[in-house]
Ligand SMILES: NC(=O)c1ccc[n+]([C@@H]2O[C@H](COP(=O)([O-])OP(=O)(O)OC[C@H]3O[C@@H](n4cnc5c(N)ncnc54)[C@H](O)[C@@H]3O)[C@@H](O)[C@H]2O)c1
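First, one chain by itself: the form predicted on its own, in structure tokens.
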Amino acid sequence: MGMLDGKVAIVTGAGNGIGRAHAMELAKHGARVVVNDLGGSARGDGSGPAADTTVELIRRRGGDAVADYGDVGDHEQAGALVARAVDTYGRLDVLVNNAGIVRDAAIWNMAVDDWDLVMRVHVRGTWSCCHHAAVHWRGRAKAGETFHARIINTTSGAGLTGNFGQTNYATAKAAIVGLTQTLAIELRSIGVTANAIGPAGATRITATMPGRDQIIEPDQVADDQWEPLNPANGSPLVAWLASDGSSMVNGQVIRALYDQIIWMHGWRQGAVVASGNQPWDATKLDAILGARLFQTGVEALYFRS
């Protein structure tokens, strides 16, 4: 018996790298998987049958999977993707939004089209898939069905801390965190949780960065072999988040880096100053904020003019 037996999962951007690893891991534990991938390059150019390779790998290992070649940035095609899962397997239980591209440049060199396309794939693509999945799940809940469903979105270190040359990508990945936290609030009453993961690995996307040209596909690494840059290192976390056992985790950001799983705490209140119920005087803020708050890190200071 697998921990995901009976569940139906969609994994977007699953033709290569991290997405392929997620799809294979979910299938390993019994999920039936819709493998979505437009089949384009890391920059989002072109299309192709990349999803077929992942499907073949899953079937060769005894799993059940079908391919989908839709563009998740197209709202109607995202809807068709969810419909494919329901039409093929009768339901949808797990949505893993992994599809993404990069078009890096410093902001003074970045073309507006490169901004728009990255936002389209990451943010609109994630939102559209979540929208159609939520419609499906809300319909089941209104019909009286009780179930557990999961959304697992993908952020990155760039989205959490920023990265030079990635104003588009970092903004998109940060937006996905806000989307995830809001989905966690909106969908929890019907049994759906939403969390975001920040995985790592030597992928086509990281290979676009200077000095990082290595690409590792998860099926190139033996199951019992440890490889720190294996894109599959975070996939067991995805499988657990997809399971019923993760019900207590909702609206969280979790990074999977090398051999570590890291629970991120995000924006937390730090040091505080208060005016003592009086209007602030901008001319005095240098002494209050610059000299006292940001340099000392004192947790609470109360100022009276």
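The numbering used is simple: start at 1 and walk along the sequence shown. Just so we're clear, the structure is a prediction, and the values are computed from it rather than from any experiment.
Omitted here: the form predicted in complex with the named molecule. The next part is about that form.
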Give a yes or no on whether every one of 36, 98 and 154 sits within 4.5 angstroms of the named molecule in the predicted bound form by heavy atom. yes
In the predicted bound form, does residue 150 have a heavy atom within 4.5 Å of the named molecule? no
Hey, in the predicted bound form, is residue 18 touching the named molecule, heavy atoms inside 4.5 Å? yes
Spell out, yes or no, whether the shortest heavy atom distance between residue 173 and the named molecule in the predicted bound form is within 4.5 Å. yes
Is residue 134 one of the residues lying within 4.5 Å of the named molecule in the predicted bound form, judged by heavy atom distances? no
Using heavy atoms only and a 4.5 Å cut-off, determine which of 183, 72, 82, 94 is in contact with the named molecule in the predicted bound form. 72
Within 4.5 Å of the named molecule in the predicted bound form, heavy atoms considered, which of 124, 103, 140, 204? 204
Given 115 to 123, 84 to 92, 140 to 148, 219 to 227, the stretch touching the named molecule in the predicted bound form at heavy atoms within 4.5 Å is 115 to 123
